[in-house]
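Okay, so here's just one chain, in structure tokens, the form predicted on its own.
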């Protein structure tokens, strides 16, 4: 048997399982154990089986925070993908050199930390040095005003943060699209907008859903931008987890909220994948 026909070593399949065990299952197991531990004064806890933290988790207060977190993450994901899809389609029609330049710029944007993005958007939307001065100069506002903190500033920061990820997820399937399909639609009299809505979007339904899920899960774990750009009513569950773990020294309650957040994220991802599979089997 030649080297090309040699079977893949079985131990290679153990590497992803080992990485999953070390990077996810072990930390999750520790977090789950801490969530049922008993809290002690001074920020300590004792190992045991105490469900007091979960009793607080399933309270109306935490429920409202969870609904806010899911709504903000879902809204940011939909906006990011809605902006990234036409951008990626236009990018796919550029020359290879132009595509390379744009992708390098996007990859460079990924190097910006959440801290830099948060304070940059905060400055951009401030009253003294932000777009309010430009709108007042154009006569659209009577006087400069601040757009931060607020929901608009928060959504702007989250969309800016997640936009490159949405583009990078959508780019491979967009690049594989057959350009003759769009050309055929244009030949039959369809406008560019109608071609995009009736040809391109249906062909990319699965990648669009995948990009939305990825951005949703990514934004759901954001905790700095809601503090910098949002108001207290916009603080997500991740912010409250950080507050309980660091400032309130209540690790069991923080771990219980983290378990809830992870369970909700996995449940929504699983539901989306199930709906996608049923649509595929139905068609």
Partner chain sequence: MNDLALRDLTKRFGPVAAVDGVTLDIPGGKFICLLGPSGCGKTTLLRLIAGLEDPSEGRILVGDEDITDRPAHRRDFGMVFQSLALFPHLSVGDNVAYPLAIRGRPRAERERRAAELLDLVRLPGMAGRRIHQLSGGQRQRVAIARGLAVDPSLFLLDEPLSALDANLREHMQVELRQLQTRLGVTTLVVTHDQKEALTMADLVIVMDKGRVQQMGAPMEVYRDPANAFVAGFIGSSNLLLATLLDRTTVEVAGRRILLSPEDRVKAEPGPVLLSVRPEDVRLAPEGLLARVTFVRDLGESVQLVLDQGGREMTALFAPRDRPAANVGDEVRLAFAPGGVVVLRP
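Predicted model, so just to flag it, every value in this text is computed and none were measured. Residue numbers count along the first chain shown, from 1.
Keep in mind that the form predicted in complex with its partner chain is not shown, yet the notes after this line are about it.
Chemist: So which of 143, 184, 105, 134 gets a non-hydrogen atom within 4.5 Å of its partner chain in the predicted complex?
Modeler: Among 143, 184, 105, 134, a heavy atom within 4.5 Å of its partner chain in the predicted complex occurs only for 184.
Chemist: Identify, from the list 208, 117, 190, 74, the residue with a heavy atom within 4.5 Å of its partner chain in the predicted complex.
Modeler: Of 208, 117, 190, 74, the residue with a heavy atom within 4.5 Å of its partner chain in the predicted complex is 190.
Chemist: In the predicted complex, which of the stretches 159 to 167, 88 to 96, 172 to 180, 75 to 83 has residues with heavy atoms within 4.5 Å of its partner chain?
Modeler: Residues of 172 to 180 come within 4.5 Å of the partner.
Chemist: Contact between residue 113 and its partner chain in the predicted complex at 4.5 Å, heavy atoms?
Modeler: Although its partner chain is absent here, residue 113 would stay clear of it in the predicted complex, with no heavy atoms inside 4.5 Å.
Chemist: Verify the contact flag for residue 198: yes if a non-hydrogen atom of it lies within 4.5 Å of a non-hydrogen atom of its partner chain in the predicted complex, no if not.
Modeler: Although its partner chain is absent here, residue 198 would touch it in the predicted complex, with heavy atoms inside 4.5 Å.
Chemist: Even though the partner isn't displayed, in the predicted complex is residue 124 close enough to its partner chain, meaning a heavy atom within 4.5 Å?
Modeler: Residue-level check for residue 124: no, no contact with its partner chain.
Chemist: Applying a 4.5 Å heavy atom distance criterion, does residue 203 contact its partner chain in the predicted complex?
Modeler: Residue 203 belongs to the contact set for its partner chain.
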